[in-house]
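Next up is one chain by itself, shown in structure tokens, the form predicted on its own.
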């Protein structure tokens, strides 16, 4: 259908539009007109993605003299493919009405592992190995050797892509990852580097959050994107956690042992180059005197990861004299590794500010702040000089240099926490030194500053007023929309007591109570006997799920449940969980019915849909609070309280609310769907000590209308 929103003609590929979709588009247009940022919440199943795509592409068509580029960020590859499929449908509809005027180029961009078509490369076991296998065939020095010696292996797809030069372009259209691979095979071109080149020409780019929020990746992939771009973060309820993880680093004993092996290997490579090509090391030394920014434009295949923190003005500085020579830099890294090894030899939990840590490392290892700040780029420069391609073997020393650069750059928003063991398993020594970022705004601030409009949207953002404080920005539009329902398709229920009238809860002092465990088991047993098709159960943690399943097994409850439905369990192994999900769907498809046990904050809770008969009932056993004795969480709560005036209880309840809403929201994926939701914990109904009451917030944010 085609309709007007003020002065913009909106092309919408469906015959009907929901009232909330129309309201959503109006608010989104207000934000685009104001060239500001916005927060928009609309419940799952109301067509949020197509509303976004329709309005923004139509808005761009309306202003051909100043077209805007859409950068659409998703959390998973599965969501990326769904977004591109919707965009294909929309693009087809727009071409039918506008012809050639509606032509756009839209691409999905992902890692080499998802785009590579070279069987020798893509056979590697993980993403880092695929990246390294690609560099071994495409690095500039490898190709130079191959030009002289035809026995040196190269990638035929990349060579054909390079030979095509400026002719290697994508024709207009919408390209999913599968489309890019198919196009690459047809032309004989590398789809990964082709997609990287087309980013600057594309009207719409769909890729992962990390490509904008992780400075190591964003500095390479997204640095050329124009300011006149609209950035959309979809399913952004956890965006603060993504920002924090992008700037946090953990160092364990295994990391330090691996870093020592890496340094020994680099030392051998330096000795080899001194004997065969000492001029290369001298040239690098002279270049570093001038500054990192003057090393020139590197070939695309040689670019590693960008600096995790450095602003451009620092890149113009000369590298500190004590790390310009390769052997001197190695000596500094050895001292750093030795210092960190000593810090891990502790029997007590230690917490320190970055400033205090810098003073300590200067006193004990003789390494100053500026030297630490340049470690990451200095390592990058050295590995390029030494022509190292198997970068997957050097992840440990990369982690150490990442840590060094971050600690040398940021004086606030971080803390260093050293734990000799995991408090949940105190009998197993596993020391870890963690550089913890507490301020989510540090990672997302460059995005807000650089692009004219940033849209943060999800089905579960309530309480919506907390996000501007967490991310430290001022939205021009902040709205939460309700779902318009023509029938009762959602049946929420809060269960506070079991069949024997004993209260049920996963509170720490109650979760091991045999009465609670028994009542939870009886509840599930009664429900599997009457609810058809699929039932999904969410627990607060893996350890609690394992404990309660073992107890049910000992009491014979699990056996009784399996008389009615098959049982499948999410584990921390991705392959096992994928297999369990596949068999769960098959059991639902054939009419046998099944129960899926999962964990809040796990992979299934965040990215898997249990629509239609795959999820007629979802049970949330307990309230999914974070582990409140975690030293990292306590440090973050203290930072939020002192700097953003966010109370500890408010944040913990807000976080539990969004996780619970995500879990139960898995079963309603459209207005045609229906399902039942049970919140099995007395805290969902009784006012607790926190200033936000969970139940009303969840039911208002998730089950609207």
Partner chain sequence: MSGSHSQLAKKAKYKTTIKDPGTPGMLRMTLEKFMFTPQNPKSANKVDMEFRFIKGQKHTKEDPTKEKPPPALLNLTDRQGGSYIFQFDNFSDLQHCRDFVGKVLSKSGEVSERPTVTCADEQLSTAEMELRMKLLQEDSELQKLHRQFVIGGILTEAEFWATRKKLLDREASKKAKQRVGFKSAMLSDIKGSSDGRTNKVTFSLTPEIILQIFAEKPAVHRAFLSFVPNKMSEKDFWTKYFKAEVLHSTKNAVAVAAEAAEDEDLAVFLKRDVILENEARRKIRRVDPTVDMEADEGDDYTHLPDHGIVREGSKEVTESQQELYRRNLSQDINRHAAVVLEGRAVDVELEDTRAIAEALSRSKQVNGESDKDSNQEKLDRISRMTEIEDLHNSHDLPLAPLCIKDPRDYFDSQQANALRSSGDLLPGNEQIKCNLSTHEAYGSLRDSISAIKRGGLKDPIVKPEIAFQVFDALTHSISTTKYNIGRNPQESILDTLPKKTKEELLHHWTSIIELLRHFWSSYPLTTTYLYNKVSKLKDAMSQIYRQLEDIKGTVQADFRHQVSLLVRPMHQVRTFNSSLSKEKDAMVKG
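Positions refer to the first chain, counted from 1. In this text, rigid core is short for the largest set of C-alphas that superpose within 1.5 Å between two forms. Just so we're clear, the structure is a prediction, and the values are computed from it rather than from any experiment.
Unshown form predicted together with the partner chain; subsequent notes refer to it.
- The candidate site formed by 78, 85 and 246 is fully in contact with the partner chain in the predicted bound form, as each residue has a non-hydrogen atom within 4.5 angstroms of it.
- Residue in contact with the partner chain in the predicted bound form (any heavy atom within 4.5 Å), chosen from 277, 589, 156, 352: 589.
- Interface residue among 193, 568, 467, 451, judged by heavy atoms within 4.5 Å of the partner chain in the predicted bound form: 568.
- With the partner chain left out of view, the stretch that reaches within 4.5 Å of it through heavy atoms in the predicted bound form is, among 536-544, 362-370, 264-272, 523-531, 536-544.
- In the predicted bound form, at least one heavy atom of residue 211 sits within 4.5 Å of a heavy atom of the partner chain.
- In the predicted bound form, none of the heavy atoms of residue 164 sits within 4.5 Å of a heavy atom of the partner chain.
- In the predicted bound form, residue 152 stays away from the partner chain, with no heavy atom inside 4.5 Å.
- The partner chain is not drawn, but in the predicted bound form it has a heavy atom within 4.5 Å of residue 14.
- Taking a 4.5 Å heavy atom cutoff to the partner chain in the predicted bound form, the contacting residues in 609-639 are 611, 612, 614, 632.
- Comparing the forms between the shown form and the other one on their rigid core, the Cα displacement of residue 590 reaches 2 Å or more.
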